[in-house]
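The chain that follows stands alone, in the form predicted alone, written as structure tokens.
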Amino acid sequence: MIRMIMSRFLIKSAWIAVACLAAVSTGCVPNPSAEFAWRDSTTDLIKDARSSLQNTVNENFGTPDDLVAWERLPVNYGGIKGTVAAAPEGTELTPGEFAFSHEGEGEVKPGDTVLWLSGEMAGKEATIQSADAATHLISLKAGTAPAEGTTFAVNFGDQLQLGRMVYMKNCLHCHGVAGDGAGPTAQYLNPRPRDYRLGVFKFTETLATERVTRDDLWRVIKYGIPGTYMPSFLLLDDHETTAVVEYVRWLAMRGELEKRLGDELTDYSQTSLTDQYNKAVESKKAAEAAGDKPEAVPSMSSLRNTAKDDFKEYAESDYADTVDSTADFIAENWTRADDPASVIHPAVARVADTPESRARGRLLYLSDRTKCYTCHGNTGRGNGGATEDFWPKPGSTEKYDARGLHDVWGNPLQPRNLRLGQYRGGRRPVDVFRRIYAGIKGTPMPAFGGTVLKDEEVWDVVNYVMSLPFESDASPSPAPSTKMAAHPVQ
């Protein structure tokens, strides 16, 4: 069933009941209900702040069994939206019959469910008895048709439901129920499955600052990611692939809302209170050592009570605005990702793959303009000096315990061995161009396009990189140099 909740719609997962009936008929005990996992930063919040955040996320996204379609997000939830229209001239409508106009593709059929979105019947449902595509007339099994201008949806949310079913069957075991990359098999995989909750995806066709496109997700699902445990799902039909793309986007937006709201509430976390307490203790020790009168150290209980009072004031004054602005920020970013202006299109056609182009690309690769060699190594084997350093964690002076590079999820990251000819973001020349131009999101791989390198130079590097699997690296490479051969005038 589908029930209206203000500007949100609860999508009941009817297939759950069918699965349970099947389990009972075979004498099996059905699996426990799936649950969305919460971030550690969420569970670290004091009780009142944690409850507010979780209630906000649940209100707008629901649970795995009862999904909520929040209309302010740019997600294609599925179904046909329509408006009650004036009756065709000369047509006399029978009780329960109405004319309509609708948006998008799809067919309205007998037995479909109508959800009224506006007017006196908003939130109520009706069943279609007959529908005529030619005359755009619908007859309901019971009830009176609403007034002209009333909006409605037929089978609203069916695409998100299908996406959930496909995801739970094929993706859950690696990516987890919440898209946190912590499914049952994730701990055995290297690299780790993607955690969608940052809203960050590595391999995109978009500029460095933009989100992933629907086309990007489609390609990854259809063709997998070479060199990883992400397989190809070519056996999914296009309808299923489209649905799971929307569900993954929806999961990412859910996780991003939780993460961003949690970041706003860090002052109300147990970690923050512990830091306050430890600083007070250190301040007291310093005062005593200096012979000064120290200030009393507040108890953890008093710090929690103060935080509770502060949060109550914040919740009554600013929290709702924070939720709104965060939701708007997320919606704008994901909408802009599918704007053609966000997609990288080389300004010039691919430079001819000649020995001269490869030579220029090699010099760029070894130059201090790009410093590709620091990660990928002088010969492209992924063994550059950066893999031996201890690097600081993002936004912190604290360093990782292990040597080498890490991604924004905290996972160890081995630079690509370019000699293998295995390109995780796609092996088309334009795919490699985009990796160099915009970098790889969530990793130390930087963007070179539009600033460090001209498009012609990016193509030279592409030609060099794509030639490496076919060349011998037996001879030593020259030392990195900033001296560059001139690019020929086009």
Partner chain sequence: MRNAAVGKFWAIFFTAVAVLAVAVCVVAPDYGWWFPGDGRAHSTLGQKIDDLFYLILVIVAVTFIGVNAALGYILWHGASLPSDKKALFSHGSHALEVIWTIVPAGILLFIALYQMDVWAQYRIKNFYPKTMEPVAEVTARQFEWRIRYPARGKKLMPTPQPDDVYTVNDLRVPTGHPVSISLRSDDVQHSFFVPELRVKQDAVPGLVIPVWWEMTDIGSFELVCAELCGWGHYKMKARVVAMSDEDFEAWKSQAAQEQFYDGVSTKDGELVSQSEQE
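Bear in mind the structure is a predicted one, so any value in this text is a computation, not a measurement. Numbering follows the first chain given and starts at 1.
We do not show the form predicted together with the partner chain, though everything after this point is about it.
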In the predicted bound form, residue 348 touching the partner chain (heavy atom, 4.5 Å): yes
Heavy atom of residue 283 within 4.5 Å of the partner chain in the predicted bound form: no
Residue 189, heavy atom within 4.5 angstroms of the partner chain in the predicted bound form: yes
Partner proximity in the predicted bound form: residue 335 to the partner chain, non-hydrogen atom cutoff 4.5 Å: no
Candidate site 229, 232 and 428: all three near the partner chain in the predicted bound form by heavy atom within 4.5 Å: yes
In the predicted bound form, segment of 440-448, 57-65, 42-50, 420-428 with a heavy atom within 4.5 Å of the partner chain: 420-428
Interface residue in the predicted bound form among 182, 225, 331, 85, criterion: non-hydrogen atom within 4.5 angstroms of the partner chain: 225
In the predicted bound form, the residue from 158, 97, 353, 125 that sits within 4.5 Å of the partner chain by heavy atoms: 353
Sequence-ordered residues of 375-392 touching the partner chain in the predicted bound form, heavy atom within 4.5 Å: none
